[in-house]
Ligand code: UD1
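What follows is a single chain, given as structure tokens, in the form predicted alone.
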């Protein structure tokens, strides 16, 4: 069966209270990854057809995040979720199979949950399947209306619900599986006869029912997965769930995380067995940490490659690679385009930038080593500076040559 997907990411996100008019809601990050990217990564393994992201408010920001993974469709006017999906009609209406519709602000959804939705759609012979969840407090959610056969009759939004309907605890998560051709046929028949004057995607289910189509539900077990991000409080709540989910997976794979509540590791980070992560450590981006390392406490790594047997304490490191058995920190800062060999010592208050540090180099304290290559087993003394600066102006990156320090067993200081 062909599986397509539409990700709704055009909303304004007014409650995020941003001063930046181009900051789309779905571009806010959790552990360094934008919200919508989590949704795309969850659904892409299941899609063997077409996938589109609907962008609108702050659309250029959203487009830049996902255009390498999905097609882009613009919703120039925000007229509701049904109107948003309708914008994909020229690209999807003639496709066979099932189309998943997801919200771009639900980063906790998992591939396994979406796979269950597809299985319920296919095995139970549904024309549409709504992912639902039974919650203690349904306020604000669309209520699921079922008929005498326990099939879904429709969805009633909070503002349009009667007092009795508002007591229903089974709610719409905003995730659907539709027969693709039937979906786009009925989207053309939607009307904005509701309190907000919008085209609700949920109203397509009422049109399906009138045609005699079978509408079912796939019940979500973990309520956390349906959390949509509407403000910065919910952003922090989702980040906490994601943090603990990632940390748990790493610990079960053989990584020691001494304080999971105060350790922040991004979803694209890999860490080898028997590495110890100490408290207040953050590891983001596409970082790869090998086995048997000691990282932290109070260390920040982003887009860093670390080999085996290194010790990194209370340091800030970005866009750097290091090999084996190095000691870094405390209070070291290592910036972009730096390469560190094996058996080195980068000590307290040492900053590196655009530097190649060969095997056995010792820079124990209070040095700035920029735009330099330091040979094997060189000892760098306290207060040493190398920089792309001639005393009056900074030398352009294109024109400068890397400073070369030391051959084997040499030392230098205060340069």
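Residue numbers count along the first chain shown, from 1. In this text the structure is predicted, and so the values were computed from the model without any measurement.
There is also a form predicted in complex with this ligand; it is not shown, and the following applies to it.
The single contact residue among 327, 179, 302, 157, judged by any heavy atom lying within 4.5 Å of this ligand in the model of the complex, is 157. For the options 311, 339, 119, 78, the residue carrying a heavy atom within 4.5 angstroms of this ligand in the model of the complex is 78. Taken together, the three residues 149, 216 and 219 all stay farther than 4.5 Å from this ligand in the model of the complex, as judged by their closest heavy atom. Although the partner is absent here, residue 84 sits close enough that one of its heavy atoms falls within 4.5 Å of this ligand in the model of the complex. Looking at residue 107, you'd find every heavy atom of it more than 4.5 angstroms from this ligand in the model of the complex. Contact annotation: residue 357 falls outside 4.5 Å of this ligand in the model of the complex, judged by heavy atom distances.
In the model of the complex, this ligand lies within 4.5 Å of some heavy atom of residue 141. Residues placing heavy atoms within 4.5 Å of this ligand in the model of the complex fall in a single listed stretch, namely 167 to 175, out of 290 to 298, 275 to 283, 329 to 337, 167 to 175. Of all the residues from 1 to 23, those having a non-hydrogen atom no more than 4.5 Å from this ligand in the model of the complex are 8, 9, 10, 11, 15.
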